[in-house]
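Just the one chain here, the form predicted alone, laid out as structure tokens.
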């Protein structure tokens, strides 16, 4: 017999990253609960935010994110907060590439229908055959969770160099020798295997913050949610299977029997608060931003893939060119990295001279490690505590660490606290 369901009246969301905001937005829009959002820092967004950089004198993002038209959770998030029109959605599923080794250029084009894809009607990189691609996809889609991308594909060649290696780095922030095949396959199911309609590149020319974060926060506050800043959660006071109070830096917040908690904090913090092991080995990403003459990049594609260099992806937004280096564990000094990346940008975009200004940003733990061992250690949404669930891209999911995974997890946690909490014991 299933326990009677309690009517949750108040939800405390700890963490105002994208996942916490997505949960708060659903709960505030429902009108069914009182929402309290607690954030350890003085800003929202977590690992997804924008800021005005004084050196560049431009608004830049802390990191670059390539979103595709198959990322339905991100697109729906933008619709809900009124920023869908701020997205720049490509008309075609096409990504240009530049090989720095020999200067070769090509465009990966994906047909609209998945049947056309399987029939080989796809513009592939040079020397990559449709038959080999289909065979590789079949191996990835049936991969064992313990296997890496390299162990699953088991062969090198043009497809490895020009497709699977850059895709693994872009999707997993992990090279194919260590990256798990399963989350890469999960992303391919939601994009490539649905055809070009799900693979159109989407960029955010106004920035991550103005597009995903600030409007969501304004809407949450307008709907009556209470937001508390600079309130790091230090401990959870619990009795049996129930959280009794949240212990913040400066206050103890007792919970009523019909209160619930969504813990939308990084994996290592969630594991520490719950006394459980969790993935702690984050992976870095290096981002370089160059302000250039606007005329120098007029007409340039908004996204370009780069092979055989330090740079992997180049993003063009106005007069700022941004470069992403995934799995950026060990490179040279900041000065040397900036010089090398600019030389590669200048080669790809055919720019002469030097940039007006440069900014290097290294996110030391931009994503969790998408290795088989790390994925096996992910924490589930349901914690065994009757009034607490987890949210975040690190929570058990088919997806790796992505914007899509963060939004999906936040919304799932909101559904969970409204629909699956048992009635508290009488007298508690």
Ligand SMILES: Cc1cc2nc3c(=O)[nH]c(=O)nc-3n(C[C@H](O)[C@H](O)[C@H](O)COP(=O)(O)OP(=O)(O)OC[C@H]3O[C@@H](n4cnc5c(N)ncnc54)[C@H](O)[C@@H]3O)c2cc1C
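Positions refer to the first chain, counted from 1. Everything numeric here is computed off the predicted structure, so don't read it as measured data.
The same protein also has a form predicted together with the named molecule, omitted here; what follows describes it.
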Exactly one residue in 125, 209, 96, 266 has a non-hydrogen atom within 4.5 Å of the named molecule in the predicted complex; which is it? 266
Of the residues 186, 297, 285, 108, which one places a heavy atom within 4.5 Å of the named molecule in the predicted complex? 285
Based on heavy atom distances of at most 4.5 Å to the named molecule in the predicted complex, which listed stretch, 369 to 377, 52 to 60, 390 to 398, 23 to 31, is the contact stretch? 390 to 398
In the predicted complex, does residue 328 come within 4.5 Å of the named molecule, counting heavy atoms only? no
Heavy atom to heavy atom, is residue 47 within 4.5 Å of the named molecule in the predicted complex? yes
4.5 angstroms heavy atom contact with the named molecule in the predicted complex for residue 402: yes
Contact with the named molecule in the predicted complex for residue 413, defined as at least one heavy atom pair within 4.5 Å: yes or no? no
What residues in 13 to 46 sit within 4.5 Å of the named molecule in the predicted complex, counting heavy atoms only? 14, 15, 16, 17, 18, 19, 20, 38, 39, 40, 41, 45, 46
